[in-house]
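The chain below stands alone and is given in structure tokens; this is the form predicted alone.
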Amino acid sequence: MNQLFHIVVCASVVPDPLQTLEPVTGANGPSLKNEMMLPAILDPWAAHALYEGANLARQIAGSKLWLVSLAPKAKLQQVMMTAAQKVPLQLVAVDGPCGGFVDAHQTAALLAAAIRKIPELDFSRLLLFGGWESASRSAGVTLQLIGEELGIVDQFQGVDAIKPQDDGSFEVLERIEGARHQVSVCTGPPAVLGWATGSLGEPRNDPQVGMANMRSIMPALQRATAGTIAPDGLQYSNVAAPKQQRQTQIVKDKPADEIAREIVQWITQE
């Protein structure tokens, strides 16, 4: 196989979902209460993309893997202390906001600019990986927008597997409706792949990988460029935590159409 890949994974940090997340509205718009104090993790959707990218780079000699992240530098450093022990990577950091209320279009523009500046990146070999969704906003559009900014037209979303072929092409297993998969063949890079859960488990922590990564991660964090996102790019009329409500009925032999009608009525009461 003579086709090597340059794999760029876009990932950000999100608050640990085990914490209580309370939305508030401040002077700069909506945010989470005590957001900077909340412990953070790598976005789980993007983490799948990172593990799959590292596995692909390991399979094909000469391939390279970068992690490009827009996040507050202090939070990113905290998360990388753990994430760096999973897989070998090169970090490209952009110091900026990454919360659930940050505009996806501006985020995509900053990340695309950071990708263009990677000196060793060959766009003819580029596979842009990321999460199909996001744990911070579930917008599902940021990765697509980055691909558009970079002029990449071959895009696959809901990816569970990628299989390289001997001629440089690759086969993509994509989720579609009805719990089925669609198999596509792409002739080669560049391409965008938004990952679902993939097929790999989370790698075990390897302190040796972590120490090797930190030699380049700390300088990368020090060189992180500042990314500014205007607060007026997106406006919210109201933010609130979902209401906790439970109403249970036990009935027999009720038609499915009637059950569905009652559920719709209950939802529309909000």
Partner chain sequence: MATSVSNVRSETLRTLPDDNVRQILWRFAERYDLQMLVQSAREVARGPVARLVAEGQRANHDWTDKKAELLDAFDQSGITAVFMDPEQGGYIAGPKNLALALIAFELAWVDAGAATCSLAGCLALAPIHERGTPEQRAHYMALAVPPAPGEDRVAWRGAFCLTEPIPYVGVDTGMLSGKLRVSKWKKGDDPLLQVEKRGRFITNMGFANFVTAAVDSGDPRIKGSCMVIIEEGDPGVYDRGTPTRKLVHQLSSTCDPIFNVFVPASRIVGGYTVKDGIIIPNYSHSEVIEAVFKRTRVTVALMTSAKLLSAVEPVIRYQRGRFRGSEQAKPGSLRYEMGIQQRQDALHRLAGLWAIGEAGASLGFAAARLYDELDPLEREKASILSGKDIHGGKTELKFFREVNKSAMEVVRQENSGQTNSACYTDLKADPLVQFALKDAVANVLCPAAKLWNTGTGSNAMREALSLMGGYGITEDCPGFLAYKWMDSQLEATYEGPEAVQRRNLSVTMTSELFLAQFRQWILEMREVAGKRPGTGACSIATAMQLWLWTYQHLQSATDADGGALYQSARQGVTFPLADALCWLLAARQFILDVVELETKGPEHPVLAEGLPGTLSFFTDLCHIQAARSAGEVGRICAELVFGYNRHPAWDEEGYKGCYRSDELDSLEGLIPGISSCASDVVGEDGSHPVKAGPCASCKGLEGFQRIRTKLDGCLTGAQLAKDRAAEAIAKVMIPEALDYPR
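Computed from a predicted model, the values in this text were never measured in an experiment. Residue numbers count along the first chain shown, from 1.
There is another form of the same protein, the form predicted together with the partner chain; it is not shown, and what comes next is about it.
Using a 4.5 Å cutoff between non-hydrogen atoms, residue 33 counts as a contact of the partner chain in the predicted bound form.
Among residues of the shown chain, residue 205 is one whose heavy atoms approach the partner chain to within 4.5 Å in the predicted bound form. Proximity of residue 82 to the partner chain in the predicted bound form falls within the 4.5 Å heavy atom cutoff.
Residue contact with the partner chain in the predicted bound form: residue 86 places a heavy atom within 4.5 Å of it. Partner contact region in the predicted bound form: 70-78, out of 111-119, 70-78, 187-195, 161-169, criterion any non-hydrogen atom within 4.5 Å of the partner chain.
Exactly one listed residue, out of 230, 37, 61, 226, brings a non-hydrogen atom to within 4.5 Å of the partner chain in the predicted bound form: 37.
For the three marked residues, 157, 256 and 263, no heavy atom of any sits within 4.5 Å of the partner chain in the predicted bound form.
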